[in-house]
Ligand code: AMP
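We begin with a single chain expressed as structure tokens, specifically the form predicted alone.
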Amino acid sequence: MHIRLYDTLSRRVKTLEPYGERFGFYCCGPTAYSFAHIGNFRTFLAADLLYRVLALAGYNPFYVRNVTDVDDKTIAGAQREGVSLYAFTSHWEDIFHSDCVALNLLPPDCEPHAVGHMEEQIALIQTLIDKKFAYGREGSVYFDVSTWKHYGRLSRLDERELRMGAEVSSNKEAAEDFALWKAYKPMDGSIFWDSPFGKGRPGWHIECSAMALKYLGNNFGVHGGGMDLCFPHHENEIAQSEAATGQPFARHWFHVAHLCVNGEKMSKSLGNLYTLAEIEQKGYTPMELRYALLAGHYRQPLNFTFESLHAARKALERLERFGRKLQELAGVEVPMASEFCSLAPAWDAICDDLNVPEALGRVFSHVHQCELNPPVQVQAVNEWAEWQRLMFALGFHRNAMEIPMEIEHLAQERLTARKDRNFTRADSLRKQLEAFGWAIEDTADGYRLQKLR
């Protein structure tokens, strides 16, 4: 089974070819200075989806997601709070990891930190200086963009746009040159490292190149991140990595489109830059947020609304009821089936550029047909195996509400009693559920269970 994925560099959907013993996948991770917001998590969830699909399709992926723990924001935060850089960044990293667990993200195979790879970054910068791709100015080191003729091929920006997006500095020879090493400033306090170029710290872009090259080598499978990283971050990564090694960097570039909230760009000034904690405070679950952020195609901008979270809740409840019914009809859990089943087209859609909207459409169409005509056991056994694969790929395999099987059976029995207009029996079952600590709410397509506090 091969996966097809859009490649930002070539601007076309390409088949991902297995390469070597393990398929290298690098995703730019969080900067540990504050809460990750739901726009950040759209990218991390799309990367989690790709990681899961790569594993299920037999690519044997090795997933690296870095942590940026030294940059202007982390240094300023540590100085402001009067704590060490490690104490400041580890606090925010712990919160990020907690959010990842809640959203059911699989941990990466490797999670390197910029501070822990200073030696590799300094060595890479020295190589670029030795090869005449970089120059020093007053203790800082800059990449000379004019020496790299392929610069701009990923973002496809013209010279004027490249200059407009450049880092501001009076030390550089050209506006578009970017920092590899930043000279120490008094405001940095005790946060600096010694190097052949003087004391200071690495630039943001060199961090990812050094860590990707160390753990994945040259010419690895996929490099991903949010679309906002395409320029300048990923453009700069390509230039400095390929200039240093003389070989291609990543073979495939994977970018996730931005997230809007109620049709507007997310920003603190508009008060719509939500964190997971804020979503939970409004009464929604992390799994409902996961569904809402994955339901749109990753390459299309997604408009997030609280109505989409409500729709996610109903969709997850329907999927969970169907999965439980399918497991009940199958009778036992079985290994993943190899023969064709009616859910196979949904898996095909996921493997075709991670088309989750198409996959979910096919899933719900199949669920509707099975609600009208439940499968017999032989069919259910095969369907259950494929269902497990789909729910694992989407990350919905964990029971979002953690409903015990016996509670689900009581709820199903009550639904049958209501359909038979046996309201006395239905009322008795409601009381039984409440005695076990569960409230049940009747809905247009069945019911909703909620744990009583």
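Since the structure is predicted, the reported quantities are computational estimates derived from the model, not experimental observations. Residue numbers run from 1 along the displayed sequence.
The same protein also exists as the form predicted together with this ligand; that form is not shown, yet it is the one meant from here on.
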Revision key, fill the gap. Of Leu213, Leu259, Leu326, Val145, the only residue with a heavy atom within 4.5 Å of this ligand in the predicted bound form is Leu259
Exercise for review: Taking 4.5 Å between heavy atoms as the contact cutoff, choose which of Asp228, Glu371, Glu111, Glu278 touches this ligand in the predicted bound form.
Suggested key: Asp228
Point to revise | Three-residue site Arg362, Gln388 and Leu394 fully in contact with this ligand in the predicted bound form at 4.5 Å by heavy atom | key: no
Practice item. Specify the contacting stretch among 251-259, 185-193, 115-123, 377-385, defined as having any heavy atom within 4.5 Å of this ligand in the predicted bound form. Key: 251-259
Review point. Does this ligand come within 4.5 Å of any heavy atom of Arg414 in the predicted bound form?
Key: no
Check your understanding: According to a 4.5 angstroms non-hydrogen atom cut-off, is Leu410 in contact with this ligand in the predicted bound form?
Key -> no
Check your understanding: Taking the shortest heavy atom distance, is Pro61 within 4.5 Å of this ligand in the predicted bound form?
Key -> no
Review point. Is Ala57 close enough to this ligand in the predicted bound form to count, meaning some heavy atom within 4.5 Å?
Key: no
Exercise for review: Taking only heavy atoms into account, state which residues of 29-59 are within 4.5 Å of this ligand in the predicted bound form, ordered by sequence.
Suggested key: Gly29, Pro30, Thr31, His37, Gly39, Asn40, Arg42, Thr43, Phe44
